[in-house]
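Next up: just one chain, as structure tokens, the form predicted alone.
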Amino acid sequence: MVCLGNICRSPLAEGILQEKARLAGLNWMVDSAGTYKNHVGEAPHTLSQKVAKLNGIDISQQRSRHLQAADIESFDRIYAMAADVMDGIRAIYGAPLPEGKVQLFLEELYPGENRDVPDPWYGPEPGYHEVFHMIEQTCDAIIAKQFTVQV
């Protein structure tokens, strides 16, 4: 899960997907990072933590980290929260991205629509709730996909 600073959207996505995977009995390792280095080592934004906690998920122990080129190689799937984040991932990787490995997060719900998860950073608390629910729906789709039988 990748966003800009790794303090709002991607920590929520990490926490939500990790919890949903656990509840589904999937032994997944979910992580998050940012394309900017501005917040490295910081906890998630207080409103991201608050909204997660209100929904039964504790993300307070997460710490922001900067995406590394090696992450693209070592993780099975990389989800970018927005188009500008995809640009940042490409710049960090420095080569064409591996086919089918990196995609916009909302592609799971809205294939081909190139939708971004809005960054709630500059707004009030209701934006964090909206983003939480958008991410939660997408994580549900990711989990459901694991149990869909391919014919």
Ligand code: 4NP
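Start at 1 with the first residue shown and count on from there. All values derive from a computational prediction rather than experimental measurement.
One more form of this protein exists, namely the form predicted together with the named molecule; it is left out here, but the text below deals with it.
Y93 falls outside the set of residues with a heavy atom inside 4.5 Å of the named molecule in the model of the complex. Taking the partner from elsewhere, R65 is found to have every heavy atom lying beyond 4.5 Å of the named molecule in the model of the complex. Taking the partner from the other structure, the named molecule in the model of the complex has a heavy atom within 4.5 Å of a heavy atom of H39. When contacts are judged by a 4.5 Å heavy atom cut-off, M1 does not count as touching the named molecule in the model of the complex. Residue heavy atoms within 4.5 Å of the named molecule in the model of the complex occur in exactly one stretch of 107 to 115, 66 to 74, 121 to 129, 94 to 102, and that stretch is 121 to 129. In the model of the complex, the named molecule lies within 4.5 angstroms of at least one heavy atom of each of the following residues of 1 to 19: C3, L4, G5, N6, I7, C8, R9, in sequence order.
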